[in-house]
Ligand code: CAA
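Given next, in structure tokens, is a single chain: the form predicted alone.
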Amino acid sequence: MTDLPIYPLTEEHKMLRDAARDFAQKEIVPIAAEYDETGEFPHATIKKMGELGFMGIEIPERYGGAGMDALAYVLALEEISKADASHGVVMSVNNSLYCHGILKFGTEEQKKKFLTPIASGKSVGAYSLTEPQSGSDAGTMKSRAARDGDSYVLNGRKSWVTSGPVADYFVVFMMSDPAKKQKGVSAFLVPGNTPGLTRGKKEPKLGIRASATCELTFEDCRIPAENRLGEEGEGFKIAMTVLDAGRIGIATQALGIAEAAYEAARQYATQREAFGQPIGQFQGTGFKLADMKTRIEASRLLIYNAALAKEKAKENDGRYSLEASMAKLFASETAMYVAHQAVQIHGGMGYSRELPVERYFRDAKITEIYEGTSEIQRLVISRLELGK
């Protein structure tokens, strides 16, 4: 990767990116295949990422973060995801889905209690919106939060909770007024050791296998009313605002996967020979590499643009849904395209678990699904454009 002149990086940006790259290549790359095979959560390297400041990059230093900007976040996340998408998604959820929402909507007391331990990397955070029968249509969620004096009592099931089996704290969305549908959703901060909260089995996933995912069950789970994030009924707005940030994170994860797959394919195309020459010299392979590289660089520009839009939104309390959705849509489909072509260029070896390209292929698919499918991204983009 070269520094793009339209997005000049500061020395601080470069230092963070280089630190993330050095850590990822030395600490994560050697263990990625093993953790993918076993499906174990990489506690040790995640803890080290926290110590290096990667788990709360945009969070002010007074709350345990690094106090940097959105561009710094995507630069570091890209390097981690390039080494291993599982580490990347844990970092993305911590930074965007968990920390970002509390920083933006939390009280000072909530920031000290629920944000600082996560941003500093001492604890792991998770975000819980999806239910077995409720995905992008949050108005149909069946979980309930009932006010009882100075408490809320939570009941229901949540599914596909990234970092669910290991998280210390959760941002949870439940219906507090079902009659209002989306406007009846509220957000809550729930410690992982709260009585009545039960974690289900780890999901056996196709890819990002070292990222622990599970279902959560709430049975008369009582939390203080002061743990409500934002006002009652603001949950849907909070969830969608946070997802804008999350989609930039997933776009960056996808970029990292695509870069890793591309570099593996390019190297193989220069080494593997057929009919007396490297296979990269054949137009069929060379054109694949050209398309892969072009889509990767286009994805990078969309992601950087979304990061800068996010930074601008901090000044005017605006939204950057369009930029985030375009970046997420294009980068995720690029990751899938590039990983597919990388397997094809490797031929039979691409299908072998001896090389990492099959892992990149499996990891790429989820980026088109979570935090809003490609279909949902197209819906968001088209509605925003048609509503102008």
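Residue positions are given as counts along the sequence shown, with the first one as 1. In this text the structure is predicted, and so the values were computed from the model without any measurement.
Only in words, not in the display: the form predicted in complex with acetoacetyl-coenzyme A, which the text now covers.
Just one of M292, L229, L197, V161 comes within 4.5 Å of acetoacetyl-coenzyme A in the predicted bound form, counting any heavy atom, and that one is V161. With the partner omitted from this view, the residue of K122, K312, K183, R147 that lies near acetoacetyl-coenzyme A in the predicted bound form is K183 [heavy atom within 4.5 Å].
Proximity of K82 to acetoacetyl-coenzyme A in the predicted bound form: non-hydrogen atoms within 4.5 Å are absent; the residue sits far from the partner.
Of the heavy atoms in V380, some are within 4.5 Å of acetoacetyl-coenzyme A in the predicted bound form. Looking at S176, you'd find every heavy atom of it more than 4.5 angstroms from acetoacetyl-coenzyme A in the predicted bound form. Taking non-hydrogen atoms only, I376 approaches acetoacetyl-coenzyme A to within 4.5 angstroms in the predicted bound form.
Checking 148-156, 295-303, 231-239, 186-194 against acetoacetyl-coenzyme A in the predicted bound form, the stretch whose residues place heavy atoms within 4.5 Å of it is 231-239. In the predicted bound form, V93, L97 are the residues of 85-106 with at least one heavy atom within 4.5 Å of acetoacetyl-coenzyme A, listed from first to last.
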